[in-house]
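Consider the single chain below, provided in structure tokens and representing the form predicted alone.
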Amino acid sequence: MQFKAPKGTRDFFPDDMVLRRWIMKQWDDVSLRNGFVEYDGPIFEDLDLYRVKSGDEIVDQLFHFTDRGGRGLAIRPEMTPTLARMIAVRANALPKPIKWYSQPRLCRAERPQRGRLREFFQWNVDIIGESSEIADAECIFVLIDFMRKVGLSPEHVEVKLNSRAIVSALLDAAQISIQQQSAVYAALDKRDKLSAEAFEALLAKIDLNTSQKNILAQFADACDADGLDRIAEFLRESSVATEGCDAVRRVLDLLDAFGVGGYCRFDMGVVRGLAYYTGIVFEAFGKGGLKRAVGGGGRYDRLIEDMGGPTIGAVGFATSDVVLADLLNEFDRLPSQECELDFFVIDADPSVFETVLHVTASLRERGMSAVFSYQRQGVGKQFKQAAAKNANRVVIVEADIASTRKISVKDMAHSKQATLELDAFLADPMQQIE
């Protein structure tokens, strides 16, 4: 019987691991250079942790089980509840602002599709303990900083901003009931993915009246500075909406100061489906054929309080390795998936194999990657192995090594070869080859 990886999961063969490690290294580099520190939590949590955050309907989207003690547990589908739980325990002792990031493995019991699998790795970046828009702007900057680092310009990706306060005020102005608002939020969240006819059909299912539909149709696609001004004018009697519009403008100004304003714009269609967002929300979108969000987040000032902690400002975002790999592939920004090797050590004669092992071990002790052939075979065949392993340099231990104490080193990229004293080589393996 032949087994396959479960639906929606991946096997990571060595070539696949090169890409996965490369993406995660970029996450590390960008997080650390922006002043964030790494954290992690358990792979499973109390099932009620997700109910508190998202309601009972979340249970069907989780891989959950009952342990031997009768406790309901769930494999983590996201990291924010774990973060909120951890912060709630130590909120008063941690210096503010708290700037944390993580790269957890997550699982969701949903239908696999392009850019979304049941098991994936996610980059989470959060700032806790700062309520001003500078935290929102810095989170967005970090996301864009990653995009820039991997070679994605405003021609490839954009970040759309909105405020849940603006959306809430618009729904109130349209006199849409509280019972209907969650469905309208979900519909607006899908606006970019639907045709005008499909969006209208989705609104029809919510049983809105003609006036309510007209207001949503009039403003659902408002974007850029003109669209924000139009929304602000329509909702000028609402102090909540005015504050929301002002917050969006301040964040956009801060992003200009960061030097990444060219990536960003206001878009009323960004509402983020999760109910715990309280202010600025944002999503990064690929501009190519992917046509979907490749990362997003927002402000969630009440979640830590819901987890038993103090009332404290919080903002963050997440993106996954799956959708980022799709985006990078689309714009030909994926790295080479060849594993590079520093040294391949060759024996010119089987009698010097022990010296090959000594040289290999010495190189490894100095932090170099070094391998050798398991087969005692001709130099030509060993050179082919070195080339197949993408070795940068080849060390040839000659048959007369005992008397000469010299080895040959070949730079494979530049086809340069030199004879060096063995001890001098081991003291400086990467010395220039003339």
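Sequential numbering from 1, following the sequence displayed. Basically, rigid core = biggest C-alpha set you can superpose within 1.5 Å across the two forms. From a predicted model like this one, the values you see are computed outputs, not experimental measurements.
Beyond what is shown, the protein has a form predicted in complex with the RNA; the following relates to that form.
Contact here is defined as any heavy atom lying within 4.5 Å of the RNA in the predicted complex, and by that definition not a single one of 288, 329 and 333 is a contact residue.
Residue 276 belongs to the set of residues with a heavy atom inside 4.5 Å of the RNA in the predicted complex. Although the partner is absent from this view, residue 118 contacts the RNA in the predicted complex, with a non-hydrogen atom inside 4.5 angstroms.
Taking non-hydrogen atoms only, residue 348 approaches the RNA to within 4.5 angstroms in the predicted complex. Using a 4.5 angstroms threshold between heavy atoms, residue 62 counts as touching the RNA in the predicted complex. Exactly one listed residue, out of 402, 379, 43, 32, brings a non-hydrogen atom to within 4.5 Å of the RNA in the predicted complex: 379. Note on the interface: of 103 to 111, 234 to 242, 145 to 153, 127 to 135, the segment with non-hydrogen atoms within 4.5 angstroms of the RNA in the predicted complex is 103 to 111.
In the predicted complex, just one residue of 174 to 192 lies within 4.5 Å of the RNA by at least one heavy atom: 190.
Superposition on the rigid core between this form and the one not shown places the CA atom of residue 194 2 Å or more away from its counterpart. For residue 418, the Cα coordinates differ by 2 angstroms or more between this form and the one not shown after the core has been superposed. A displacement of 2 angstroms or greater separates the C-alpha positions of residue 378 between this form and the one not shown, with the rigid core held in common.
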